[in-house]
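Presented as structure tokens, the chain that follows is alone, the form predicted on its own.
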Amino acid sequence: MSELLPPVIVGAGPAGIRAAERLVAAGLRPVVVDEAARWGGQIYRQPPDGGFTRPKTALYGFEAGKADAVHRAMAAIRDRVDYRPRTLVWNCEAGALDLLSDGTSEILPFSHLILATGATDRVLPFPGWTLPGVFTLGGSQVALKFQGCAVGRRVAFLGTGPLLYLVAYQYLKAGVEVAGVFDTTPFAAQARATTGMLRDPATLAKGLLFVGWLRAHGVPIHNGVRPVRAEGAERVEALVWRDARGQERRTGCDAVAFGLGLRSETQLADLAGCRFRFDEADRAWLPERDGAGCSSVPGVYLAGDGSGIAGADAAELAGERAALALLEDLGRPVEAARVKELDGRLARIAAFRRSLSAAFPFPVDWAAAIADDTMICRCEGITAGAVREVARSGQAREMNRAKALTRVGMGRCQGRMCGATMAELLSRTLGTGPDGVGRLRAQPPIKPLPIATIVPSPRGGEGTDGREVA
């Protein structure tokens, strides 16, 4: 790799910003590429420019100080990085990235690459989940933070994980009526995991405060539930659910926000050639990385939730740690004491993360209850029955074969919304775990592109990405 080429960081969230800060401090000028219009990532997403004036305490709550520190860190180095907002990285190969910005495609070679790609919601479908008014938890939070609006007037929050309670709390604080919190995890499982979560008493205390605040304001919290259906004609009118005793109940609402934790955005790591392994805690295939953030590909580093869900605090530390690994590979001196401190803090967060996974386990029985006529792939209109059929018939025993036969994962989301469901359905039908059916291979472009950006003009000449065409 050439010293004349810049190091590139993909993602301007907590991990990407801290990585850039460390590289700048060492005298480098990294390129920072981000899809968003402003830095901060999903967790510390900033509102749009142009008169949006909600204070950070209202946008980020207890995390306002951390959000402000991350925002200020990027602002302080803004003139010493090549910052590319509103830019999609849609491919990675042969030491270069394919970018799309303002309708124009560009090839960006790199010397070293730090992938800080973050995460998106993990969901499983249920009848009615495609009705207007049903949102993911992350989408509901983005609407509140980025646009200053709620997804409904009376919102039901469904799923499991810390984000479930955080977003419900944020909506209640914003003045929205919360119809209820419907947690798929039994209360006993959360109680058993409490001892392990005492490793991080501050984080545990925040979680307990969210729950206490919700209860104090009359919000019903139900544990061990399963969704039956979302009801409504033109939009959601009610959530029908089954309680821990198996009794079917109905809660009126005009919106449902749901999610089962987060899933890592791994497509670019796959295209970069990184080796993957199955992670039991995340119940997903993740790119391999060592404690420093080094992947299996020399010169490619992984930081933040894009290679395993650990949260914003860990992302900041992992971003800096990956940058230090990059500097070491360049032969630059690094402070051994700082490396040791980062490694220790990341190890402690990882231990807490294991307890958190026990407190909010993935509902492994949900997939078995999905009816055959339930749509699992919204992009292509494919049902659960279609996936089960190719498995039962012996036509498909792994994810990519099932994709080829059913078209699940071929649509606009490229498997982000339906991939976890297909893995659960396929593995249950075949009698294996999700590790036994493999993973969807990433294909460029990893997100939809305007066709004009990659198809040459019929008159010949050069395409908009600069490649010569016949």
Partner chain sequence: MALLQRVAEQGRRVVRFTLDGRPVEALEGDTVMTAMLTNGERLRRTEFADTPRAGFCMMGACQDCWVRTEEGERLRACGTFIADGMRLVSGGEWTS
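Residue numbers count along the first chain shown, from 1. Nothing here was measured: the structure is a model prediction, and the numbers come from that model.
Form predicted together with the partner chain: not shown, discussed below.
Engineer: Among 420-428, 23-31, 441-449, 60-68, which stretch sits within 4.5 Å of the partner chain in the predicted bound form, heavy atoms only?
Structural biologist: Looking at the partner contacts, the answer comes out as 441-449.
Engineer: Honest question, do 142, 151 and 258 all end up within 4.5 Å of the partner chain in the predicted bound form by heavy atom distance?
Structural biologist: Per the other structure, all of 142, 151 and 258 touch the partner chain.
Engineer: May I ask you to check whether residue 83 falls inside a 4.5 Å heavy atom distance of the partner chain in the predicted bound form?
Structural biologist: Contact check for residue 83: no, nothing within 4.5 Å of the partner chain in the predicted bound form.
Engineer: My question is simply whether residue 174 lines the interface with the partner chain in the predicted bound form - judged by any non-hydrogen atom within 4.5 Å.
Structural biologist: Heavy-atom contact with the partner chain at 4.5 Å: present for residue 174.
Engineer: Taking heavy atoms only, is residue 357 within 4.5 angstroms of the partner chain in the predicted bound form?
Structural biologist: Residue 357: no contact with the partner chain in the predicted bound form.
Engineer: May I ask you to check whether residue 35 falls inside a 4.5 Å heavy atom distance of the partner chain in the predicted bound form?
Structural biologist: Yes - in the predicted bound form, heavy atoms of residue 35 and the partner chain come within 4.5 Å of each other.
Engineer: Of the residues 367, 294, 123, 74, which one places a heavy atom within 4.5 Å of the partner chain in the predicted bound form?
Structural biologist: Among 367, 294, 123, 74, a heavy atom within 4.5 Å of the partner chain in the predicted bound form occurs only for 123.
Engineer: Since exactly one of 333, 220, 252, 132 fits, which has a heavy atom within 4.5 Å of the partner chain in the predicted bound form?
Structural biologist: Result of the distance check: 132.
Engineer: Across 276-315, which residues bring a heavy atom to within 4.5 Å of the partner chain in the predicted bound form?
Structural biologist: Result: empty, none.
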